[in-house]
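As a starting point, one isolated chain is supplied in structure tokens, in the form predicted alone.
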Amino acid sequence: MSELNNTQPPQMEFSDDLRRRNLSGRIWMVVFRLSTVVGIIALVTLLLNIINQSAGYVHYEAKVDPDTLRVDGIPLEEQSKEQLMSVLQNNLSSGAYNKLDRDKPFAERDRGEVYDLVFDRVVKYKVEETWLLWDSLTHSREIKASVPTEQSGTELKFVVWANWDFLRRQQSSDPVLAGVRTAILGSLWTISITILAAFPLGVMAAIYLEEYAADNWINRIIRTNINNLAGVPSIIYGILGLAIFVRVLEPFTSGTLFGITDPTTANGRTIMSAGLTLALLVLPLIIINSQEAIRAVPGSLRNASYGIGATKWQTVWSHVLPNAMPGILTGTILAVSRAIGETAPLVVIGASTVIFFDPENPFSKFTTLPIQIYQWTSRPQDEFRFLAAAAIIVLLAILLTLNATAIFLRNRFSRRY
């Protein structure tokens, strides 16, 4: 009788269990929300730190006052290419001027290049002091009062480092004239080769493994190794690229096989080697994500296709691939996002940290935005760190543009089918 009195009714047990489960659910909901808030705070802090270093007041000191270089009363900013060339001739020795013409004839230079030469060789602006964006906004009066702008050749200017001139200029040892044009072109060349090489190979491999490969021990080993390769450190791929593309396939990656470059000076440390190495890096990611997307296509679509007499390939091409394409493009977005920010494999291959000419073809020497950012952040001057922050903004803009393009294509396919 006492045992019956101590036993709770089933309804009470159910109510207690329900309360415990609801309490556990609320606790986990708070944990998930808290983790999301922490992630957002970390991301906002990172972005604010980058933005804070990408603009601010800069105190310049010029060796030659630009106002003394007027031609017929016209300031340097408004002078034509011919007038700027006369300024160079009047302020440089004949040997220095002729050397500039030998390096690249003035007839082939545009006005912007000649304008940069005037500031680089004649005016010679030097950065004396810099301020962060927050300090520039909150202590503007104190900053202006501390700089004697009435002195000749002294200028205090609010600078947004990520500007049009920054995008169009080549790399320079002078932060006033430094730009990221060469690095942008190198990144675009490299990522284009990566996508062209990795995307079709990855999708075809996924189609074979999901639609055609038998479930035997060989194919299981292949799938396991692909999963393992997705976690291999990127520098290992750099070593692989150095051994295969830079050394073994040097005639191809240097362009000598096609007669594009001189065999006596060519080597395999080119954009082609970098693009193919990054293709190896992202290939496992594309294969795995493409497999998941193909596997998610309902089997009823395949059976319906077979039921009307379609062959295996017709089913894959007309039904499986179109329905799997949104997931495949999502995997490609993740792969490209990883590839465009890589530095370790490119350093191993031999990407240049200092380069003063633009890549002209896939067999040119190169640098990329991540390597350029690394090179600037390693310098002790504050102005180079500001340039690195501006380059990070450019890199993020390129990455967002590529991702937006892939998302657009994904949504287009998703709406069509």
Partner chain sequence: MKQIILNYPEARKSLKRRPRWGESIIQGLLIFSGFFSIFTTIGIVYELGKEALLFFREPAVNLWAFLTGTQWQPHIEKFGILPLLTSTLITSTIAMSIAIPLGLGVAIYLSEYATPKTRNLLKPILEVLAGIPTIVYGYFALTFMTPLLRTIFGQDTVDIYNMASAGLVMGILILPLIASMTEDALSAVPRSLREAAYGLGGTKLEVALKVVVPAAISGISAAIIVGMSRAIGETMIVAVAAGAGPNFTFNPFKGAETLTGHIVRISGGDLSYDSIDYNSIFAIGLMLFFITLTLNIISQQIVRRFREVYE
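Numbering follows the first chain given and starts at 1. Superpose the two forms; the largest set of C-alphas matching within 1.5 Å is the rigid core. No experiment lies behind these values; they were computed from the predicted model shown.
Heads up, the form predicted in complex with the partner chain isn't pictured, but that's what we're talking about next.
The candidate spot formed by Leu88, His319 and Thr401 lies out of contact with the partner chain in the model of the complex, as no residue has a heavy atom within 4.5 Å of it. Proximity of Tyr212 to the partner chain in the model of the complex falls within the 4.5 Å heavy atom cutoff.
The closest non-hydrogen atom of Ala62 lies beyond 4.5 Å of the partner chain in the model of the complex. Heavy atoms of Ala183 never reach within 4.5 Å of the partner chain in the model of the complex, leaving it off the interface. With a 4.5 Å cutoff on heavy atoms, Arg70 does not count as touching the partner chain in the model of the complex; it lies far away. Site annotation in the model of the complex: the residue of Thr130, Gln83, Thr343, Thr330 reaching within 4.5 Å of the partner chain with a heavy atom is Thr343.
A heavy atom within 4.5 Å of the partner chain in the model of the complex is found for one listed residue only; from Leu137, Leu201, Val160, Leu257, this is Leu201. Annotated contact segment (heavy atom within 4.5 Å of the partner chain in the model of the complex): 204-212, selected among 74-82, 139-147, 204-212, 89-97. Contacts between 212-245 and the partner chain, taken as any heavy atom within 4.5 Å in the model of the complex, involve Tyr212, Ile218, Ile221, Ile222, Thr224, Asn225, Ile226, Asn227, Asn228, Leu229, Gly231, Val232, Pro233, Ile235, Ile236, Tyr237, Ile239, Leu240, Leu242, Ala243, Ile244.
In this overlay on the rigid core, Val160 has a C-alpha that sits less than 2 Å away from its partner position between this form and the one not shown. Taking the rigid core as fixed, one finds a CA shift for Leu43 smaller than 2 Å between this form and the one not shown.
In the core-superposed comparison between this form and the one not shown, Ala406 has its Cα shifted by at least 2 Å.
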